[in-house]
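In structure tokens, one chain follows: the form predicted alone.
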Amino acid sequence: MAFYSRVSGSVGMITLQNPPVNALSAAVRQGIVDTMHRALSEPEVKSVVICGQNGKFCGGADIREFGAKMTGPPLVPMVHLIEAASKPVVAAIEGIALGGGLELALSCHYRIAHSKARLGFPEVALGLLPGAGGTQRLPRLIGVPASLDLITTGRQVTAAEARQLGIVDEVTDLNAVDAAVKFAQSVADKSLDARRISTYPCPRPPDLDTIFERAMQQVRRSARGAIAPGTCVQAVHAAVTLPYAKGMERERELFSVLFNSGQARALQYYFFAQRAVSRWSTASGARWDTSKPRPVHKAAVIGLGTMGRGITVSLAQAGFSVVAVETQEKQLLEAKQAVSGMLERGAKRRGVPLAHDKIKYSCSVQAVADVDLVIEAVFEDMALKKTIFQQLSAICKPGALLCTNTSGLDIDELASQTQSPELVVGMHFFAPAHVMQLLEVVYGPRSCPEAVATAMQMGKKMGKVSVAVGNCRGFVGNRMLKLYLEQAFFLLEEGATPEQVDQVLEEFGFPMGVFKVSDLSGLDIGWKVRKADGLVLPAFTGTSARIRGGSRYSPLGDLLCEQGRFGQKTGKGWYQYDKPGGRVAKPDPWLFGFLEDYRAQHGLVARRIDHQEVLERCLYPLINEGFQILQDGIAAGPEDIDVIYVLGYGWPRHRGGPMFYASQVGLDKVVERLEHYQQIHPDVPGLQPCRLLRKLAAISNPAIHKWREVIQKPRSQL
């Protein structure tokens, strides 16, 4: 709703009231229309101020109304009513003016912003474009290049940048509403002819065609198949080439195309999925709303390799006091320098003070005796981690949480080395840890609810999206990834090339294909894990070379590592590079010959593999494993899996995540294709559709938000 009052005798004040961000719900829109009519009809009122309660102007449209029957006044006539008002209307922007909130501000005749306010058009992240004149007014106000930047990227600007661009008229460090009231009084008698943005001519730079051509090329490169950024460019183009009324029609047409697209549905689902994962639950019944996190003031990081450094930076930037421990003197000095550089770059980028004083370095594990929480971040070696957990259990104060940054080792095995196994949880960060947003919080069967709640809250304070997952080999992300990698190797054996597989996956929307990612992270990492699992055997021919434990196995990655081809670090892997450490992947003729020899040696006949098979073979087994994870109770719902895959594994956001994608394809189709491939490859267990997937497919592909009702209460996740 919108509350109306009169201040200073002659100023009508309209206050939006819809916590937490004063979204433009039907009730708020109705309130704005009613109060505007009232302000314009009262002769005592000479000017109007629009503001939002609780220090937030307006966060835009109410996304919960999307897909429902729209009620209340539409947004476009509402903003036109404000712009056409006969009395000056001033927007008092505090906190945020985003999306429809910024369109509301642009319909006002003047805009006053608080210095800490942020403004922007984030619609593109929801698969949409600003649909209430944003694409038509903004270019008229600040020109085409700046408008294209803001609208196609969805980036938010500070009040200072908004002032520089010309979006706002004044910026204040004081109370923005008071400043707006004073300003409204000062312009009460001024003509509004030059203040209605829709009447402005849109600036036409001489190189207009080049600007739009470049903008289209840029969005095609960065959008990776998402249609909204390119559609935003088309809408801004209409502002330059059409009169305002026709431009508004074009904006409406383009908005409608996006609104009804599968991509918009996927992006909006993902928007809510990110919020859903904070309402976590565990297989034993612990929940986000009944589990209280413990206070953490001082944290420690053990091991200052790449991951430990990133975690240290994340903790310091979040305001925690950090004890950073590295027992190797040389490594400690290198880590100090690296962390300092990361903190300096971060402070410069974010415009905040340096957090150097938050970190104390030590060569001794004893230095962690008084911390509230420890994150162990040494390399993936169970014996080493066990030793460290035994030490920590003896050194740390009672009640200190012991966390491990592991990508797949058994949390319970580590917990069993301590006197308080209930205080042990996994905190699986993703590299680089100070940049990547995802954190898998892994609970074992003995982890207490407070420990899970504390790790989840720590992640949030570090700016991460924390997802609670159960304890199993590889947890959620890496457990599913194993199936994806396995199929990619099999496709090479059967006739595909790394370039072909990667091209299909990149066209789907992944930033990098599976083989390019493997070269980037290092082939030797997976090789080490496979060796530890007893999968790497001496070279020999015949079918047994490609079977492990009765199931099909591809030794291709092992054979490449035996040749010293570890990827970018050695200049050769699945691709070749100009030099060790090179970044540009080029097809390698040697690999082509190597694959031919390998197939000949194992009696494999190369066949033509089409685009669709690559996609289905890589993605459907991964999705099937996701259903198995839900069935096992390792993840509480499909949203958890989708958020993990979008944030941690490069799954294209405009496809919602693997589980949402399966719901769009049709679960019956996923089952049918898995069965098809299983008949051809009976020795690949990952192609066998899991029970939960079959069950959901049998009940006519229910909407994804209904899946939880079908997932039976899981047994213990182990």
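Residues carry their position along the shown sequence, with the first being 1. The shown structure was predicted, so the numbers you read here are calculated from the model rather than taken from an experiment.
Not pictured, yet referred to below: the form predicted in complex with a small molecule.
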Interface stretch in the model of the complex with the small molecule - options 56 to 64, 34 to 42, 677 to 685, 659 to 667, non-hydrogen atom within 4.5 Å: 56 to 64
Residue (of Arg275, Lys586, Arg583, Lys190) lying close to the small molecule in the model of the complex, criterion heavy atoms within 4.5 Å: Arg275
Among the candidates Leu622, Val514, Leu98, Ala316, the residue which, in the model of the complex, approaches the small molecule to within 4.5 Å (heavy atoms): Leu98
Trp527 within 4.5 Å of the small molecule in the model of the complex, heavy atoms: no
Close approach of Phe255 to the small molecule in the model of the complex, 4.5 Å, heavy atom: yes
The small molecule contact in the model of the complex: Ala132, any heavy atom under 4.5 Å: yes
Distance check, Phe489 to the small molecule in the model of the complex, heavy atom within 4.5 Å: no
Contact check for Gly408, Leu485 and Ala532 against the small molecule in the model of the complex, heavy atom at 4.5 Å: no
